[in-house]
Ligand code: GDP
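Below, in structure tokens: the form predicted on its own, a single chain.
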């Protein structure tokens, strides 16, 4: 069978968790392929809100397998809290969750290094979530990482101490002393004992064997395309590949196995932390979107920066990922706007272009906007795609024509059931 991929097309927070949760019953396995506990996938089921940071978003479905792939970096403490929260809600995590032995672990000293490095940057901070994710990926590529499978090694603590010693030497370079390591370590080792009791697997064999048996897999990404380490707004990016190719590396599946690539985009843009944001609305309109959309980080709680939808960036993300269809989220947040704006071009040095410049950070960009009539209707009231108001359908048609990609799903609220399908273009794996 084949693998479908679901990922974000903007700077994260597009609503991936909800779409994965909705589609989950059409698959046998949901597999998270990159990122760490800086992700925050929010699910609202029967009025109950659950935020997932590491566990795949199909965990709420009975009988569905969820795999944390080798491309993910795991904080054992965060994972333990997340699992215990799910267990308290009656979710049979032990039957549904499997973890790759090749996934790397975030050590206590990774978090200390992260905080020390960020503090040293002063006004030039990247906007790290300080969860140790960047140092963990650095150790991974530097061939000095600590993997899940290592906790099964008889010399487990010796491996840990060697890496810890290296980290503490690096911390002295930053002259950083704001930490209490023994207390942090105690909690971490307790979480390691908890992790040992979970289903630890050779995930690349597990997933490919499932495919050979005709199983359907949905690969779930974290963050968004514009935060990709190679193709995002570098250096204000995350430390992993958030794009389609990241699913191959992060799960051990071949590109030939990929079928549908479902890209998720909000009807506007948001970004958490620092970094370039061409369509940012640092005004009353931006604040209005933030307030109506409750735009605060699910993981950090930080207010998100808001702006109109950026179509050149979205078209770029579609190209990089090979997106076959789009799910548009949070269109309902714009219900009461008289006018909706969409950036169609960048003006750089007096010239218009629909291409992203090499360096968005140091290039002065003036966004060029196209104005559309707002629909002034509560989209949450509609239960069928074909019944949507003409003004909103006109907005969708404009986006599809510009992006040359079909918008097949419309999310009109945070709840699981608030998702409308364009009937002729449903997910092909369904």
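Not measured: the values here are computed from a predicted model. Positions refer to the first chain, counted from 1.
Here the subject shifts to the form predicted in complex with guanosine-5'-diphosphate, a form of this protein not shown in this document.
Though the partner is left out of this view, residue 45 does not reach within 4.5 Å of guanosine-5'-diphosphate in the model of the complex, counting heavy atoms only. Interface residue remark: residue 167 is not counted as part of the site for guanosine-5'-diphosphate in the model of the complex, having no heavy atom within 4.5 Å. Although the partner is absent here, residue 203 sits far enough away that none of its heavy atoms falls within 4.5 Å of guanosine-5'-diphosphate in the model of the complex.
In the model of the complex, guanosine-5'-diphosphate sits beyond 4.5 Å of every heavy atom of residue 306. The stretch that touches guanosine-5'-diphosphate in the model of the complex, counting heavy atoms within 4.5 Å, is 36 to 44, out of 362 to 370, 36 to 44, 22 to 30, 391 to 399. Interface residues of 13 to 29, taken as those with a heavy atom within 4.5 Å of guanosine-5'-diphosphate in the model of the complex (partner not displayed): 13, 14, 15, 16, 17, 18, in sequence order.
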